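Single chain ahead, by itself, as structure tokens, in the form predicted on its own.
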Amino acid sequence: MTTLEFSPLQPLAAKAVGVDLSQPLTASVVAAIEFAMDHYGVLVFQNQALTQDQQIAFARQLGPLDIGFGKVKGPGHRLKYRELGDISNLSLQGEVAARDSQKIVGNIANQLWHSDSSFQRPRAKYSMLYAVEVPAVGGDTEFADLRLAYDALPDWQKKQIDGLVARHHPLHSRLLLGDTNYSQAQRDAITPSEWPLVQTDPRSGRKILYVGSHACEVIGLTLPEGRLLIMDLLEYATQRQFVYRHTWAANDLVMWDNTATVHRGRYFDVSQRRDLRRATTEEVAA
């Protein structure tokens, strides 16, 4: 019988032990994972040897799958499933990609604080990132808790942002980095979405400061005012006391709630192999 236990790493994250994610999960284990996600926002599962089939099967037990930015990317996919995001610096042939390739641009863009698929409806709920191969140095991932950030906001700022809505665009962060080589079809593949800056989690009832690098403007404010507000709020939300930093080992799987956290990859030498793959579920309306 599976005995699933959670050991807090800090208020934001916990290590989960006592479950083999390569095997089908019971309804009680799925419920325990969801309950823990409501509390922590980030779960770390270590020593999980997962094939692509097994990772997809695990993710499907937690909700319908999302391909997010995969709708914008061009043809060609290194992995077996389109629903598995290729979070690597490898070419279609499995070699380290050239520094000016889209794969390397993607690695750099992932170093901005963001929530996966915040630019679409339905947006992403759970992301499950699995490490196949990691560099000797660097390539950590950081997670910031947007619930803790909202709780710590001064009252005047809670009043300032109450009722404000931000527009999230799939290419905003890429264009910011000078990655402009997209066809009109790619630019039209995902319509931007609008989300309140302050949200309430329907499961836990906690307030969330919903910001990230996909947010490009605030409705009703001038463009400069809105962008500065987003930058200020994101800077506030990613202070050290709200952040968990994960140093990867092969066969780690880290799962997080995109509606309650933002995350970013950290620098690594892109000439060294880094191979991770991500499955993501869509948010289901309450």
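Quick note: we count residues from 1 along the sequence shown, nothing fancier. Remember, it's a predicted structure, so these values are computed and weren't measured experimentally.
The same protein also exists as the form predicted in complex with N-oxalylglycine (OGA); that form is not shown, yet it is the one meant from here on.
- prompt: When N-oxalylglycine (OGA) is placed as it is in the model of the complex, which of 140-148, 157-165, 189-197, 98-106 ends up with heavy atoms within 4.5 Å of it?
  reply: Result of the contact check: 140-148.
message: So, residue 83 and N-oxalylglycine (OGA): in the model of the complex, are they within 4.5 Å at any heavy atom pair?
response: Close contact is absent here: in the model of the complex, residue 83 is far from N-oxalylglycine (OGA), nothing within 4.5 Å, heavy atoms only.
- prompt: So, in the model of the complex, is residue 216 in contact with N-oxalylglycine (OGA) at a 4.5 angstroms heavy atom limit?
  reply: Residue-level check for residue 216: no, no contact with N-oxalylglycine (OGA).
message: At 4.5 Å between heavy atoms, is residue 91 in contact with N-oxalylglycine (OGA) in the model of the complex?
response: Taking the distances in the model of the complex, the answer for residue 91 is no, it never comes within 4.5 Å of N-oxalylglycine (OGA).
query: Taking 4.5 angstroms as the cut-off for heavy atoms, does residue 204 touch N-oxalylglycine (OGA) in the model of the complex?
result: Residue-level check for residue 204: no, no contact with N-oxalylglycine (OGA).
Contact check for 87, 256 and 278 against N-oxalylglycine (OGA) in the model of the complex, heavy atom at 4.5 Å: Spot residues vs N-oxalylglycine (OGA): full contact, yes.
- prompt: Just one of 129, 134, 208, 124 has a heavy atom within 4.5 Å of N-oxalylglycine (OGA) in the model of the complex. Which one?
  reply: Of the candidates 129, 134, 208, 124, 129 is the one lying within 4.5 Å of N-oxalylglycine (OGA) in the model of the complex.
field: Residues of 96-110 having any heavy atom within 4.5 Å of N-oxalylglycine (OGA) in the model of the complex, listed in sequence order
entry: The one in contact is 110.
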